[in-house]
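Single chain ahead, written as structure tokens, the form predicted alone.
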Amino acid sequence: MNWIVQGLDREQLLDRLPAIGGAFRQLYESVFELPQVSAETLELCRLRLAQLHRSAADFALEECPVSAPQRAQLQDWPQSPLFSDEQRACLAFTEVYAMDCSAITDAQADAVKAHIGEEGLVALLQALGVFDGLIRLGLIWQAKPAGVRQHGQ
């Protein structure tokens, strides 16, 4: 149940906001098509944000396939050998972004740029803003995602 409209999922809530719902869906879908960052890396970052914000519903989603072992070890990505250097740089950046984006250091930004370039850093920032916003709104609205493939289905 949510305090805006009881019993609706996020998709249904977006339908009730016609001025922004369609545009937001287009923006969200376009994030995974950004050529500067792989969809797999973006999905890992989205999943990590879901973990950090304790959104089990968002973690259960599968927007882009990632390996089951990577998903299972995502919380331990710094020690796991399953993640590439690019993924590690982006995940480190994501963790700081989730806590306080003003705390991101030049070194963290440079680590991302070393793998995906300056345009990739901008694309990552855009994607994180979209993911973070939707996860936080879902938590505030108490509305779970719907209409998206669930992991394992």
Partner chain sequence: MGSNARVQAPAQNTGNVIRDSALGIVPRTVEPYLALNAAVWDAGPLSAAEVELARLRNARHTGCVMCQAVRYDVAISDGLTEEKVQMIRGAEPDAELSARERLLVAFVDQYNLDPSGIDQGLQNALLQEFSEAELLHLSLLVAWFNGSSRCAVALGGMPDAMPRMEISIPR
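Positions refer to the first chain, counted from 1. All values reported here derive from a predicted model rather than from experimental measurement.
Separately, the form predicted together with its partner chain exists; it is not shown, and the next lines address it.
Would you confirm whether the three residues A19, F24 and Q126 all fall within 4.5 Å of its partner chain in the model of the complex, going by non-hydrogen atoms? Every listed residue reaches its partner chain in the model of the complex, so yes.
Quick one: does S84 come within 4.5 Å of its partner chain in the model of the complex, counting heavy atoms only? Flag for S84 set to no.
Look up in the model of the complex whether A68 has a non-hydrogen atom within 4.5 angstroms of its partner chain, and give yes or no. No, A68 sits far enough from its partner chain in the model of the complex that none of its heavy atoms falls within 4.5 Å.
Should V122 be counted as a contact of its partner chain in the model of the complex, where contact means heavy atoms within 4.5 Å? V122: contacts its partner chain in the model of the complex.
At 4.5 Å between heavy atoms, is A114 in contact with its partner chain in the model of the complex? A114 lies outside the contact set for its partner chain.
Location of its partner chain contact in the model of the complex, chosen stretch of 84-92, 39-47, 26-34, 57-65 [non-hydrogen atom, 4.5 Å]: Result for this chain: 26-34.
From first to last in sequence, which residues of 100-122 have any non-hydrogen atom within 4.5 angstroms of its partner chain in the model of the complex? In sequence order, C101, S102, I104, T105, D106, A109, K113, E118, E119, L121, V122 come within 4.5 Å of the partner.
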